[in-house]
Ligand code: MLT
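The chain that follows stands alone, in the form predicted on its own, written as structure tokens.
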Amino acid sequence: MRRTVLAFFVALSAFCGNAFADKFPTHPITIVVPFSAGGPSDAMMRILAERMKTTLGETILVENTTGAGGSIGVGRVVHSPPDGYTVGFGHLGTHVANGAIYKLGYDLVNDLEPVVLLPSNPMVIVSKNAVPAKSLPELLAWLKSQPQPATAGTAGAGSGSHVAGLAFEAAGGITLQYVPYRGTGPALNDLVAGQIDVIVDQLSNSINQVRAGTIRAYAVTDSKRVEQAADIPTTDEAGLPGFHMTLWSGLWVPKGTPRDIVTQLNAAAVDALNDPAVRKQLENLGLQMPPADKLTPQALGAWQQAEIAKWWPIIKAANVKVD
């Protein structure tokens, strides 16, 4: 009898120990943003992280790990333990374009688990105020007339601003000289200061400077105007029809992260996106919410692979070199 009772308590202890071990999360989670603090990726993630911690019941730390178009930060996530405590933020640049440009040492699809698709950002063509052009056709004419290519700020080779710049060159028949930064936050600072000429930037990054009149906007790269910046025409309206590009974002974790942990992280992000106060903050930046049926890990994985199939041939044809 005593042996039976002892065996019961040993089994109960083991069960409870496993239950506690399986509890997630039990300590702070780090979300790696592969660009500098103050930029559009950082701003979006900090808004979401503040709300996600309510659902998860733990502190969420946002860590900015910059360099090489975001590929260093993504590598930090790939090589972290697959336990849910290191999550990576990324977008079209980091999780699609970089695979066509850099020798990464990891596979963007096979070494990561998708978590959730996040809000997307139409791009906006902006210049320093000293550029004389007042419309997109005038800007294109000015760019073509320069004895040396105008300078265009980017967050590094393969970043969203760089890929958008390449697409702008192809659509407009122009040539740009790219100036890489550790994020479009510092690039925007230099645009305001007049140190560079243009950026094809995320709208959420430039919108406040456009509103303040410190830079000039020419067009958003979408088929419809953005409600929060309704005075900026679309590229179709402004004279460059068909030049459309949206910079989508998402969250990933290292390959092998348990499925139930991925599910919990996904649920926390979806809760945040559905919070009216969070949605208002993000929409005020010109960000567009993903459809409800695109918020599963599987949907992000399928979208990423479709975007790789679309963009890799374009990027490789441009023969992008990493300095």
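Predicted model, so just to flag it, every value in this text is computed and none were measured. Residue indices: 1-based, along the sequence shown.
The same protein also exists as the form predicted together with ligand MLT; that form is not shown, yet it is the one meant from here on.
With ligand MLT left out of view, the stretch that reaches within 4.5 Å of it through heavy atoms in the predicted complex is, among 274 to 282, 35 to 43, 253 to 261, 53 to 61, 35 to 43. The partner is absent here, but in the predicted complex a heavy atom of Gly183, alone among Gly75, Pro114, Gly183, Gly99, sits within 4.5 Å of ligand MLT. Among Ser249, Ser71, Ser161, Ser206, the residue placing a heavy atom within 4.5 Å of ligand MLT in the predicted complex is Ser161.
In the predicted complex, every residue of the candidate spot (His91, Ala155 and Gln202) has a heavy atom lying within 4.5 Å of ligand MLT.
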